[in-house]
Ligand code: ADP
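Presented below, as structure tokens, is a lone chain in the form predicted alone.
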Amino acid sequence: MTKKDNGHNQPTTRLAQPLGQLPAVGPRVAPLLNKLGLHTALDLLFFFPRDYEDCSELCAIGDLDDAATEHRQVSVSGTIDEVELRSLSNGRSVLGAVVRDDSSALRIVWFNQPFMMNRLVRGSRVLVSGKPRLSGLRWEMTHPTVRTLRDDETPSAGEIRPVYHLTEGLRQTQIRQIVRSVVESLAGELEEVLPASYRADRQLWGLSDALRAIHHPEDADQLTAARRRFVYQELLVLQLALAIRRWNLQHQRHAPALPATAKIDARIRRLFPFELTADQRQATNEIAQDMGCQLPMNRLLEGEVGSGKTVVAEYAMLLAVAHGYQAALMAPTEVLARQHLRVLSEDLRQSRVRIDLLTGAMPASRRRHLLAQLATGEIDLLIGTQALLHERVEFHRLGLVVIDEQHKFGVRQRASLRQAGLDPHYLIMTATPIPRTVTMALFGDLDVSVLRQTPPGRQAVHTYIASDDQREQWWQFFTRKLREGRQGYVVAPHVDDDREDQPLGVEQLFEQLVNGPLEAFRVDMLHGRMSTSEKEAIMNAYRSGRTHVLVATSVIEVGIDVPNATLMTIEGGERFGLAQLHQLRGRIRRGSFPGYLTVFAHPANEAARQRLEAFAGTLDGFELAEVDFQMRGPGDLLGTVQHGLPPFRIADLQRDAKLLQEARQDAQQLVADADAPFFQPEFASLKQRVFRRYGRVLDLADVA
């Protein structure tokens, strides 16, 4: 076997050959390929191009035709004649160059990408590919791809060239020749994993034909068909894994039936001194229906900031306790865990529910006593951090597990928590709205409940993006609101500024403020390097109103609920992601007074500027999630490191959303029941792929 799973069957002896033994590679080039994660012939076959040079429309600059080329990519070759980098007053830049051939000239332009200047050498021959448009009397391409040509190299028309990732010492021409040689000699030895009839029904190419075409397409149609085959298979394998996980829960696990009878429902709701929102009622009904069955609930509760997810989770936990079972709530940080303990203790002070807290910082003697009480059933509701995963925690009768801020935990961590009890029901919460496509890709094994409404009386937050010359005006407003009785936060992206190009850190900002605009107020600071006791003392003082302003890092983005806090200043706003900015803003939307937030930022590029404008333009976290997805792409949002899922080789969730939907529907049909096609012998190879790639990380149990 190769050192990594390529998503296809186990290689033959020739496919498993180390690269150094291949005539096309040799011992000198093999170490360079190893740096790219390539070790065997099979690895090379599935080393997909990162891009293509489309020379299928290679023409002279003078032959560009507005009607024929508008919105269509073409390529031209020529010599770089002029290069100019201009800095604009707002910190942005424009890089322009002129490319000439024997017929005319073309201007190429990049905005806020000054590093591209290193690739533009006057007098060098280049191949430029992009979408031309007529600007005045001259043709222009914005953000084209540019490749320097060797003196003896002449690109030929009609060719689509693969572009591969490189490492130092390896040339594009080398890797092209190597991959072509291996594909021509070994592609036919691969065993197909999708049955012929299945491929025919979905108009999918065969494996070997698709492999040849994706590396060396004859035209755009071939490339589209080849890519479709591999994208579909990659997404299908993931969706099958999620469908199997769901099937396992429904057919191989049993949970206690915990129905919400009219009496129990009324008893729980009496503990809430307010009316639930319509969304909260819908979510609690869905949860109650799930928990009333003997199949383990596996539900994602996705909520807007401040929409009351904790209340819904509290309902679920009390439902478990009402039936004599225990509930566990796991939070990613001790600050958030203690916040949950405080809120639940206050809500349940008139009840007989016994609550306790387990954290990694707890003294050994106290931990032993708590674990003993838990094992004998003396604790009904246990709140904890990751200590719930690492300690030898034994519940007496665990009926429900709730995980808050799911994106902070990986798939393996969630799976290991499931083993803490005998088939408990499972509720995952997130205050970070997730784009629909990502939800399908990562949480296909979960049912989803959504909270969009915020409780009545919550006020809007006025959001501003400001420059340094507006600081004095902002601090005058900030201090005026403090004198009216409000409280505020000041957020910095890090603890200290150990580099000159960074905005001030918490410690430096604290000193500047207490000796400047906030000298008349009680100010404290909070960051992750402090001890648990220090954090708790600081937060208690802030909640009680003794502290007017808290200078902090993003440690406050979750778990802080101070209704009187309505002011926030964010420094270095360009260093925060959209989801993080939205979470931070949620800290000043907890009470009945309107909130005011100013972000001081110095966006270094157009993307950062657009991100900040989008943040200031809406309070809707679901809308911001989709904007973030479109701007950043799925890479960061998928959080593959946190989730523990292998990264995609070729699929792109933005571009391939339609194929994802097809793969999801097909996977659900393939694993519909015990007699479904997936469990038949013809799908044995595909089943093997699914378990090799996702079996361990998703804790899949075999289904046949």
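Model, not experiment: these values are computed from the prediction. Numbers follow the displayed sequence, beginning with 1.
The discussion below concerns the form predicted in complex with the ligand, not included here.
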Accessibility of shown form to the ligand in the predicted bound form, site-C-alpha superposition, 2.4 Å backbone/C-beta rule: open
Stretch from 360 to 368, 450 to 458, 473 to 481, 113 to 121 whose residues place a heavy atom within 4.5 Å of the ligand in the predicted bound form: 450 to 458
Non-hydrogen atom within 4.5 angstroms of the ligand in the predicted bound form for each of 280, 308 and 590: yes
561, 423, 574, 445 - the one with a heavy atom within 4.5 Å of the ligand in the predicted bound form: 561
Among the candidates 264, 276, 513, 465, the residue which, in the predicted bound form, approaches the ligand to within 4.5 Å (heavy atoms): 276
Any non-hydrogen atom of residue 380 within 4.5 angstroms of the ligand in the predicted bound form: no
The ligand contact at residue 304 in the predicted bound form, heavy atom, 4.5 Å: yes
Any residue of 26 to 62 that, in the predicted bound form, places a heavy atom within 4.5 Å of the ligand: none
